[in-house]
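Okay, here we've got a single chain as structure tokens, the form predicted alone, with questions on binding and movement later.
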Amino acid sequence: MAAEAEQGFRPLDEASLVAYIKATPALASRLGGALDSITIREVGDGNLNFVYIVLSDAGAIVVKQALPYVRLVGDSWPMTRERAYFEASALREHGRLCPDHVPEVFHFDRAMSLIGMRYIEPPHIILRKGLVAGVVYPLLADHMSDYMARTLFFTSMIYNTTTDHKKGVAQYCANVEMCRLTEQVVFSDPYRVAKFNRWTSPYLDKDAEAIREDDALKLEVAELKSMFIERAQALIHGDLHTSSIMVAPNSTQVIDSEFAFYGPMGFDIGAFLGNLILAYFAQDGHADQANDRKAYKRWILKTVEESWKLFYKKFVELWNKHKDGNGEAYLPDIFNNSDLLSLAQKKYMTKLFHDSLGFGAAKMIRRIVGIAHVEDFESIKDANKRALCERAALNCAKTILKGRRQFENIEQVVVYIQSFDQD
């Protein structure tokens, strides 16, 4: 399949994209046939792909094309275009399970590594940009807990038969290059001298060195890396940070699932929570006389707390609803009384909580001393101020990662995060 996909690939620019759309009914029809009025804007500010917003007088679509290299670095870092296949597949599967929070895919062209999908219209913006700007999203915790509970539960063996689960694992197993990229940039490079690592130098030189020399941290990260590689728990998004989520006051849409594979649920939950915590630590760098951001920091932590608690509630509700179904992880004739099932659920969710804390902390660390940083910190112009925010986040993440099993609930985590406040 991969060899076939090499034939007929060409990177599209704005002119050739118009011709492609005209020749593709599934896309042309979404523009209402008004193809003479098309305007195209390239908005791919990510690390990997071209993303075009295509507008006509009668409709709008987004077209995303994967390149055969990491866009952030250039063609010196080759990258499989097959990631587009896994992105389209995961969008369709997660969209089936949670249609309210995943954009519809209209068209996928494997040879061209091209996806045509719903245009997520204004006032939606990337969540990370909203967090930098200090915008409150009252429904974020409810929407994201719904997305995570539904996509993770319904692709796990609590719901599925072994046969169906293994089919899914086999399909996404081939997304190995994207998994290996995650292994490198999240679990390996921050803990060694690596070509693309960077940080706010010279302020964080000693902090980066301390991470590379922290043996206890390395042992814990190795355990998380092993889980990431070996544990095919559910079909995870694989890159669920705040730039993979688009938000409006009453809407939340999850995009960019090209890292999708069957992995540990905690990696998705941790990515979301960890990036919210990064946003929390960045707020002091965005505070000014007009807005000290203290109320906003409280809202972020409230969202962290509510996201986990709502996820827990919804996931267990789904489990109870389908406890007599086809799922083979907890067979109903074994877990045949409510007390036993309740104990199993508590044990499962406690482990998942600790996994999520560990992965979230690892994702925080890589965003400060690894290759790909976050706008939350990068947009703080004063390097000294930025470094102070980053150091607090780094120290918080290291302690959570190493001591994650000591936290009994999300409230304790929130209290610990608050202990880093300067005032």
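Model, not experiment: these values are computed from the prediction. Residue positions are given as counts along the sequence shown, with the first one as 1.
One more form of this protein exists, namely the form predicted in complex with a further copy of the same chain; it is left out here, but the text below deals with it.
Trainee: Please pick out the stretch from 343-351, 267-275, 111-119, 197-205 that is in contact with a further copy of the same chain in the model of the complex, where contact means heavy atoms within 4.5 Å.
Mentor: After filtering at 4.5 Å, what remains is 343-351.
Trainee: Tell me, out of 180, 302, 294, 313, which residue has a non-hydrogen atom within 4.5 angstroms of a further copy of the same chain in the model of the complex.
Mentor: Selected residue: 180.
Trainee: Within 4.5 Å, heavy atoms only, which of 129, 286, 231, 323 is in contact with a further copy of the same chain in the model of the complex?
Mentor: Residue within 4.5 Å of the partner: 231.
Trainee: Please tell me whether any heavy atom belonging to residue 330 falls inside 4.5 Å of a heavy atom of a further copy of the same chain, as the geometry stands in the model of the complex.
Mentor: Yes, residue 330 lies within 4.5 Å of a further copy of the same chain in the model of the complex.
Trainee: Give a yes/no on whether residue 100 approaches a further copy of the same chain to within 4.5 Å in the model of the complex, heavy atoms considered.
Mentor: Residue 100: no, not in contact with a further copy of the same chain in the model of the complex.
Trainee: Can residue 253 be called a contact residue for a further copy of the same chain in the model of the complex at 4.5 Å between heavy atoms?
Mentor: No, residue 253 sits far enough from a further copy of the same chain in the model of the complex that none of its heavy atoms falls within 4.5 Å.
Trainee: I'd like to check something about residue 223: if you look in the model of the complex, is any of its heavy atoms closer than or equal to 4.5 Å to a heavy atom of a further copy of the same chain?
Mentor: Flag for residue 223 set to yes.
Trainee: Three residues, 107, 143 and 384; all within 4.5 Å of a further copy of the same chain in the model of the complex via heavy atoms?
Mentor: Zero of three within 4.5 Å in the model of the complex.
Trainee: Scan 157-192 and note down the residues that get a heavy atom within 4.5 Å of a further copy of the same chain in the model of the complex; none is a fine answer too.
Mentor: 157, 161, 162, 163, 165, 166, 169, 170, 173, 176, 179, 180, 183, 187, 188, 191, 192, in sequence order.
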